[in-house]
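Here you get one chain, nothing else, as structure tokens; it is the form predicted alone.
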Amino acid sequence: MKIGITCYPTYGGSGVVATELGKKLAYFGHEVHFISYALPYRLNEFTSNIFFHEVEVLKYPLFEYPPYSLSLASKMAEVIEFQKLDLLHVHYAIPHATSAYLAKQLINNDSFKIITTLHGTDITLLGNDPSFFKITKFSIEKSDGVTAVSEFLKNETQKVFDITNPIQVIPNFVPLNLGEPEKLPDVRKRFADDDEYIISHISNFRPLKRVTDIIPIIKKVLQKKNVKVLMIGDGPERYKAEELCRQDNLCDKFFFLGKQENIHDLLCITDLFLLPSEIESFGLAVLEAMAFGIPCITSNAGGLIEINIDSQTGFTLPVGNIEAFADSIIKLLSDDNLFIKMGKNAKEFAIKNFACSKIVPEYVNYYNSVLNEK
């Protein structure tokens, strides 16, 4: 097949999954065309069968804000027509599915198909905004195929938008290599002594991630256990979290590392993964950690309970319950047998259910079913 992919080329989970999906599709012999305003950050090496088409946004004094959606639709139509694409797979409803619908009207080709993958905040945050509600609903309903990354997100989409056309659940997959991780002792020594555990958090530091909960959680944990915390990522809540560390004299316990491209090395030295989010449609960072055999302590919000199985691969806890989070971390770090068991369970569950070798063929099968629909 000739497949177009449009995603946000940034550090978020949707861009990571879209990019890794494109790379795997190319590996299996499909021709993949990425269409976006910048090169996706994980598309960092030459891969046969992958092409990139940059969307140039018109800068004109009349426009206070550059009309990216229109520029994207125009570039989509151009690539569809001249590269003879079979389908366009867009990740995020707004604005990608909207631009894809407009592009399809421009080329006037009913045999061409649009598949939209919903990742989360395009539904739970943007879609709920009154100014975007109708256009989000319209864009989903006008897609030829729709997938969601979790049962939670599927149900939420159908409830919020009263969507009647079918939504196929195809979960995110582990984008990293699943070989035995190298422990990298030299890297670990930069952050922790031999008697200290390393706890990691990875996110975009938006309010929904509740990164400011992590500081009081760790403050309680430190009463019983020696830990260091790697705060990986960046965003609007980073300053607040750093300020809390200063107020509680915990600056020597936290490392704010900002955005990191090579997550592999940091997961290899991580003992425990922590994500106290208010809402998660899936939780790709959790899945990546599990794939490395890391037990996870997360909230029980949204799709997290579909990947982090409570008391088996880690613990899932009520949002905002600082005491429960701290107690669960202490419990896990105090019981070597439980710690080893949960790490093993996490890796086995991730590989069995979310390996790319399992999920990518689900997308290919779905593509074929949509293309064969009359």
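In this text, residue numbers run from 1 along the sequence as written. Note that this is a predicted model, so its numbers are computed, not measured.
Keep in mind that the form predicted in complex with a small molecule is not shown, yet the notes after this line are about it.
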{"property": "Touches the small molecule in the predicted bound form: G283 (any heavy atom, 4.5 Å)", "result": "yes"}
{"property": "Non-hydrogen atom contact T19 with the small molecule in the predicted bound form at 4.5 angstroms", "result": "no"}
{"property": "Close approach of K137 to the small molecule in the predicted bound form, 4.5 Å, heavy atom", "result": "no"}
{"property": "Proximity of Y92 to the small molecule in the predicted bound form, heavy atoms at 4.5 Å", "result": "yes"}
{"property": "Heavy atom distance at most 4.5 Å to the small molecule in the predicted bound form, all of T121, N204 and K209", "result": "yes"}
{"property": "Heavy atom contact within 4.5 Å of the small molecule in the predicted bound form, the stretch among 105-113, 74-82, 275-283, 260-268", "result": "275-283"}
{"property": "Partner-contacting position among N172, T147, S200, S299 - heavy atom within 4.5 Å of the small molecule in the predicted bound form", "result": "N172"}
